[in-house]
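What follows is a single chain, given as structure tokens, in the form predicted alone.
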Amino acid sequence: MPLPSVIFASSFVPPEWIEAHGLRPSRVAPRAAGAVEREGLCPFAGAFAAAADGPDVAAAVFTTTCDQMRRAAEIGGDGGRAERFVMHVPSTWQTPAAHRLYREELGRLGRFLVRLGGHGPAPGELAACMERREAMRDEVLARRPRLTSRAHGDLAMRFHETGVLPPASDTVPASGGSPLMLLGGPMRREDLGLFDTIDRSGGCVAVDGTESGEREWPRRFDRRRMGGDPAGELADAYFGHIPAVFRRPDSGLFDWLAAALRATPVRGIVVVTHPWCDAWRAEVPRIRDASPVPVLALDLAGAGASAGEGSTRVEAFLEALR
């Protein structure tokens, strides 16, 4: 019998925590199909709310990391069987009180998971889940040079949704595209078309700094701390180090940007936002000021928007970089 599925969309919901409680974590990249778009509502948040009413979902975890998701938690729920849990994640992150609150929220989430049919982690179970997930994140990054941008984006989504990786492919795509960084909000399934456009236009995604990419992965786990306090190490690796846009101060985002550009030189940055995402829109001017390479700001098309216009802008951007 398959384990109950607990879906989430925020980087601050550790899948290791859900897995160690005996349930199946799935960080979904929702599809727009079935989502009702509303004026003023982020298309991604609306699509996730629709996914929460799916027939195979036992529970959906929403977080307070953005006002759109907070609002989306109130949408639907009448026709679906899934329970909804709202996890409070402080925007401030440099104080002991904020860290304590996040760990207390993990504890509250754990009690919810037990009530849902899970169990408390057995000795060593959480640490084992942490080691397994970290090894798979390393493998996702290691496969990037052997895959097209689209194939790697799909691989990362499949890993987050299922917690497993398919066998590595021996196929080596044509190389030579202009390396780009993607930066910005989370990606829906339909948004993978952007990777196709970049590949087709002579570019490649060298760094995925979206909320679905490696920018919002936790830091590497400290094995010594995992042995004595795995829950505390998990909380610090996620809450203490993910450079999310909602954090105050948001200096971590720009520290990450500078470090990523030093580690992987790129020719340009494509900042992707969903309509109604005020947090990312407000950061675009600062990103332009901080970036040593050209920056393209691009809306991810919602229902009724033209994906073709975005493709044309990406093509023109890459042409200008040559």
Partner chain sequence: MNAPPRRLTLDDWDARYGDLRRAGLREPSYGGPLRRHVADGDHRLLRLQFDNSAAALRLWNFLLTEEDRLHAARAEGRRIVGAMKDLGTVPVMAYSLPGVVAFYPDGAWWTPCVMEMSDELLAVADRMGIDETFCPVRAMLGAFVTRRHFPIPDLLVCSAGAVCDDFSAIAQRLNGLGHPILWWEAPHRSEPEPDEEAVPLPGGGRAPRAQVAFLESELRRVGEALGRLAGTDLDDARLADGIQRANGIRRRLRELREACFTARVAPLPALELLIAEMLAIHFCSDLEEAGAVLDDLLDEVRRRVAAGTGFGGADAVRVYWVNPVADLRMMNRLEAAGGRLCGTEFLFSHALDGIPEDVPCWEALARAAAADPMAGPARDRAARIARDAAALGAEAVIVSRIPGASHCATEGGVMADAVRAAAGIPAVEIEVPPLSDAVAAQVSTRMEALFETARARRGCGT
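Numbering follows the first chain given and starts at 1. Nothing here was measured: the structure is a model prediction, and the numbers come from that model.
There is another form of the same protein, the form predicted in complex with its partner chain; it is not shown, and what comes next is about it.
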Even though its partner chain is not shown here, does E74 get within 4.5 Å of it in the predicted complex, heavy atoms only? yes
Flag G40 as yes or no: does it have a non-hydrogen atom within 4.5 angstroms of any non-hydrogen atom of its partner chain in the predicted complex? yes
Please check if A168 has a heavy atom lying within 4.5 Å of any heavy atom of its partner chain in the predicted complex. no
Is T64 one of the residues lying within 4.5 Å of its partner chain in the predicted complex, judged by heavy atom distances? yes
Could you tell me which one of R220, R248, R225, R132 places a heavy atom within 4.5 Å of its partner chain in the predicted complex? R248
So its partner chain isn't shown here. In the predicted complex, which residue out of A279, L261, A50, V295 has a non-hydrogen atom within 4.5 Å of it? A279
Mind telling me which stretch in 122-130, 191-199, 205-213, 100-108 gets its heavy atoms within 4.5 Å of its partner chain in the predicted complex? 100-108
Please state whether all three residues R31, R81 and S178 have a non-hydrogen atom within 4.5 angstroms of its partner chain in the predicted complex. no
